[in-house]
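The chain below stands alone, shown as structure tokens; this is the form predicted on its own.
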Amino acid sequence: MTPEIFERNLLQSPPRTQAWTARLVIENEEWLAVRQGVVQPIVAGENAGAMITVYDAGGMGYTATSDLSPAGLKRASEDALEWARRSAGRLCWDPAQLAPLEARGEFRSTAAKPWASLPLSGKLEMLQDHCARLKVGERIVDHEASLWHTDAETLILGSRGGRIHQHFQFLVPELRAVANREGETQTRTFSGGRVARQGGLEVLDELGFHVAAPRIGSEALELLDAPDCPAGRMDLLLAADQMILQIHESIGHPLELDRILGDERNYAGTSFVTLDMFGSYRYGSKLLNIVFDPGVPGQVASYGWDDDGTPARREYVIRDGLLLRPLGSAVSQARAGLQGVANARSSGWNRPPIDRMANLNLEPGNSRFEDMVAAVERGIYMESNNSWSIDDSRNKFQFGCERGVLIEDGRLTRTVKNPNYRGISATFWRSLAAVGDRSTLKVLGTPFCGKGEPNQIMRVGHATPAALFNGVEVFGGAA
């Protein structure tokens, strides 16, 4: 199936209503891994289907199908129309408020070194080499190197001539070393498993993947000998690969407008944020500047239009600490009467678009890493998330990291293991004391953000520098 064939098949018998959209999704993925020197079974697959959405007489209905023949698409259109007629007068918003899809355009990931430019044998040889270099000592009891590549293509068609074609290349590299001694186990990974990007094999060079294995293995061993993280209230310096989860859980999810409106209440929870906070609530210190930006080259959730066909634009969500706008798509904006962003996103052809994070980024400040360390009399530096817990209002949280380093009298001193910290979203960001400059910035992301009923697993990007917080409750594994 190609987008052109899909378009031809659909238009042979388009939905029998004046307003409709059709979204085709084609995904091809390949997962390669070498564990303890052994090539793992290769996972490869193709997934293709379409969702037809129709608007009729004040109702909306949608149907998904993997039968992309003219007959299959006609049946899906008829089913969607039937659901639209059943929902008429029962919606909590008016479909007439939505702008019809009229845009035409294309978005494409840039891949300087396409996935296919290196043969399978070359990719496996590279992974075998990286896996072997993770084994830096006998106490490394497990080690693995992997690559996950996805080629995804979407086509959105509209009844008023809209046509949006987008083609994405996703790459997720991973390294993991597990050390064990006398019943104790410590794990070190490549940025906490949250390195997802758009692009080709050049991403591996940009991220330092090819040189990371010996360091990861050595740090896993180092953690076996390290003392446990101390407990107490102290300053906390978070590396970029931990900041991405802090942003994700305590800013991103609380600001999803459908969640604020109650859609996730019986599944993933609600939010401590309420509609009246936008425009007046102080979310953090004046150093906190969060942007929704689907236009960052190479970031995993970059796109030209969301899955409803809304043009993607950079928007401040929080500026100088002040909460400005929610992460709400066109439908949620119509329900709430608030301005949002272009974030209607679906995880595939058989899921409807819902409000999701895309690229949600913390803008860099002007503090060098060494200056943030020098400003701390007693504190701790933490890297790479390995555990997280947050309440169903996305407010009280507790995070654990793979590695910590004590900061004493303005200097990084001893490595500590099992570092954890806890806080409350509504007050934590107000303790933000310094934001790292561009030299500390990393463009990271995760392919595993879950939300929605039925569940949707989504790619989400976070570009962030390191950041310093004052007076945070820190504790070790024994606490």
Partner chain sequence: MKARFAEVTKELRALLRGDEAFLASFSGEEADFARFNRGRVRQAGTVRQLFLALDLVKGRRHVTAQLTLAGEREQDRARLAATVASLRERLSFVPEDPHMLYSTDPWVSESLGANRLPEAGAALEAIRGRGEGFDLVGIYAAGSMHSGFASSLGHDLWSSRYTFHFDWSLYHEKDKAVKTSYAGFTWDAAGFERKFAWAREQLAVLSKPPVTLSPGHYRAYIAPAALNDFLETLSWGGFSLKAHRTRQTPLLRMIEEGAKLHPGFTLAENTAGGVAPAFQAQGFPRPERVELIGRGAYRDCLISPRSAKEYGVPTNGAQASETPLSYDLAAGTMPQSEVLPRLERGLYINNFWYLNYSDRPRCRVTGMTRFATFWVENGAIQAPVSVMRFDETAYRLLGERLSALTREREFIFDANTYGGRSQVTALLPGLLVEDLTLTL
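Residue numbers count along the first chain shown, from 1. Every value quoted in this text rests on a predicted model; they were computed, and no experiment measured them.
From this point on, the text means the form predicted together with its partner chain, which you will not see here.
Though its partner chain is absent from this view, in the model of the complex it lies within 4.5 Å of a heavy atom of just one residue from L432, L441, V416, L68, which is L68. Among the residues D391, D371, E153, E222, the one placing a heavy atom within 4.5 Å of its partner chain in the model of the complex is D391. Per the 4.5 Å heavy atom criterion, its partner chain in the model of the complex is contacted by stretch 256 to 264, the sole one of 204 to 212, 316 to 324, 256 to 264, 155 to 163. Proximity of W148 to its partner chain in the model of the complex falls outside the 4.5 Å heavy atom cutoff.
When contacts are judged by a 4.5 Å heavy atom cut-off, Q18 does not count as touching its partner chain in the model of the complex. Contact check for M60: a heavy atom falls within 4.5 Å of its partner chain in the model of the complex. Looking at L120, you'd find a heavy atom of it within 4.5 angstroms of its partner chain in the model of the complex. Scanning 24 to 62 for heavy atoms within 4.5 Å of its partner chain in the model of the complex gives E30, R35, Q36, V38, V39, Q40, P41, I42, V43, A44, G45, E46, N47, A48, M60, G61, Y62 in sequence order.
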